[in-house]
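As structure tokens, one chain now follows by itself in the form predicted alone.
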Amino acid sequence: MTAAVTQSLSTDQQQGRFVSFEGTEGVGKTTAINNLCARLDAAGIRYVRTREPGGSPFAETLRTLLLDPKTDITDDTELLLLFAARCDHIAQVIAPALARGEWVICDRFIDSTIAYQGYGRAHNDPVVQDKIAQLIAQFVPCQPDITFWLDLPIAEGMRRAGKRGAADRFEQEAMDFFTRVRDGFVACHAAAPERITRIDATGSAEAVSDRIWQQLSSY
């Protein structure tokens, strides 16, 4: 298995890559990342697996606040907390890993902010989108090399997410919120088709993982 996996990635592709995974709730990002990391392990490729919000000790503290259903904050406060977490995450985890030539596999990054805060919360308000763009320009010095957007019908994703137990602060939102979030991912994909690859997240976990690996191998 190791040889087969290694052969599917060129020497250049085996160098450090920043790979992010995006999608609405319940699309199967965790399983897809598990399967990708297993393939990287088999290939002997060094990587750091991380997530947003979170990833560093300070950012994980903010994640707890952001996901707690009892947290009552304004949309602007939420946005600024997300970027505070991201700044520390980049400085403490992402940038050092990339400097070492390792892969970074990240569950959510900037596209989730555009989709959740820009579209879900702000209904694509251009003022809010401009705020987000300015924060990205000022505080995000590195972008993913490739982003896998796992796309699934909203109702199916919410059904899957409902099986995970108590809903966090974002998962408690209604269907129309996640419909707007998906619109946000559609817009992100349209704006950066060379970076963002849409992955059909229907079907078995193995089928989804194969789609991801095929795209990554040809990148």
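This structure is a prediction, so every number in the text was calculated from the model and none was measured. Note that residue numbering begins at 1 and tracks the sequence as displayed.
This next part talks about the form predicted in complex with a small molecule, which is not shown.
Contact here is defined as any heavy atom lying within 4.5 Å of the small molecule in the predicted bound form, and by that definition each of R86, Q117 and A161 is a contact residue. A residue is said to contact a partner when one of its heavy atoms sits within 4.5 Å of a partner heavy atom; L67 meets this definition for the small molecule in the predicted bound form. Contact check for T31: a heavy atom falls within 4.5 Å of the small molecule in the predicted bound form. In the predicted bound form, at least one heavy atom of F170 sits within 4.5 Å of the small molecule. By the criterion of a heavy atom within 4.5 Å, L82 is counted among the residues contacting the small molecule in the predicted bound form. From the list 90 to 98, 104 to 112, 138 to 146, 123 to 131, the contact stretch for the small molecule in the predicted bound form under a 4.5 Å heavy atom rule is 104 to 112.
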